[in-house]
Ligand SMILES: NC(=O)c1ccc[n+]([C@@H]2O[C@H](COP(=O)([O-])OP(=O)(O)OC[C@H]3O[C@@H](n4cnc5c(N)ncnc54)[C@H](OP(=O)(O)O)[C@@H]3O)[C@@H](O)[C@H]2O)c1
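The form predicted alone is given below as one chain in structure tokens.
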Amino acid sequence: MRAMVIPVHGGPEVFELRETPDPECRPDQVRIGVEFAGINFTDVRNRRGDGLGVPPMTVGIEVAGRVLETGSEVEGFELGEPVAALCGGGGYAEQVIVDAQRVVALPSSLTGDPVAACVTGVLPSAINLLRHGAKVRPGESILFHGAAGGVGSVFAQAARHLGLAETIGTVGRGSKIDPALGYGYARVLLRDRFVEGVLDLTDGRGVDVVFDPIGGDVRARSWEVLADFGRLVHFGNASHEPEVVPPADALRARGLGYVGYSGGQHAVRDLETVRASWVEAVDLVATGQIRIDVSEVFALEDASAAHEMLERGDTVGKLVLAV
């Protein structure tokens, strides 16, 4: 099979298209013929070497395609059935092996659609960040950094679906404001001036919850916009900058919380809950209640170009590889 292999950690240029052996299926696994693979910043981290995996390896954590084989212990899937899966890697390839518990069936309306590669990734992440990461309550005010990105493009929609307050978003450049507003944010601020903007919008109070996948200076400034007894949810560090956290006494004085969240680790520690969110996300997208915006589809062999675009911050919505 063809696969985009990372022979060594490094920049986007390290990808190599190679012929590799077809993966072998264990009794509790499903072999999927990959049609589409979602591109995530997790893939960038793993490629760089500040994530998981040892080269030579193939990255890619979310896929959609058809069942090619089921292990002897697997029930409930038919050969040729359209499915989506959140895998531990290996998605940038023509075939991938996934534990059966991490595979969900797709309705006919999503079959052959690049959006199908995103239903186990960004939307469940948004839902679980709100429900389980921050445990946001109705009426609490919310700020989300990266409102035009992958998770950001569905986050405000997910908050509305859960009956939560309208969300303020931030973006890195002016060209992303209108797309982010189209994703359901009540207000969208430029990130270089978000502190003043948030305090102005909230009459100086600040927000109850900040969701930050960017880190570095953005995270350091985010503490300034938290209301008393608020919390900051850290679920990534796209900036690759050092973390900045106030001293423990400063957090205690204002009752502030610092919460870490990883969708991958959530699935490891509580797969039943996360699997339920995958099934929920499939239904929400298939019925048109939430829209996942796939802004560009790249050929498998163009994974380097897709990663370059993602790292430059040029993307809006989701990027997907067509395998």
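From 1 onward, residues are counted along the sequence shown. What you see is a predicted model, and the numbers here were worked out from it, not measured in a lab.
Although not depicted, the form predicted together with this ligand is the subject of the following passage.
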* To do: Check, residue by residue, if 237, 262 and 310 all come within 4.5 Å of this ligand in the model of the complex, counting heavy atoms only.
  => yes
* Okay, which stretch from 75-83, 101-109, 135-143, 169-177 lines this ligand in the model of the complex, with non-hydrogen atoms inside 4.5 Å? -> 169-177
* Asked: Might residue 20 be said to contact this ligand in the model of the complex, defining contact as any heavy atom within 4.5 Å?
  -> no
* To do: Answer for residue 161 alone: is it within 4.5 Å of this ligand in the model of the complex, judged on heavy atom distances?
  => no
* To do: Give a yes or no for residue 214: in the model of the complex, does one of its heavy atoms lie within 4.5 Å of a heavy atom belonging to this ligand?
  => yes
* Asked: Does any heavy atom of residue 277 come within 4.5 Å of a heavy atom of this ligand in the model of the complex?
  -> no
* To do: Identify which of 46, 29, 58, 40 has a heavy atom within 4.5 Å of this ligand in the model of the complex; exactly one of them does.
  => 40
* Structure fact -> The one option of 187, 231, 221, 191 with any heavy atom within 4.5 Å of this ligand in the model of the complex is 191
* Mind listing which residues of 132-160 have a heavy atom within 4.5 Å of this ligand in the model of the complex? -> 146, 149, 150, 151
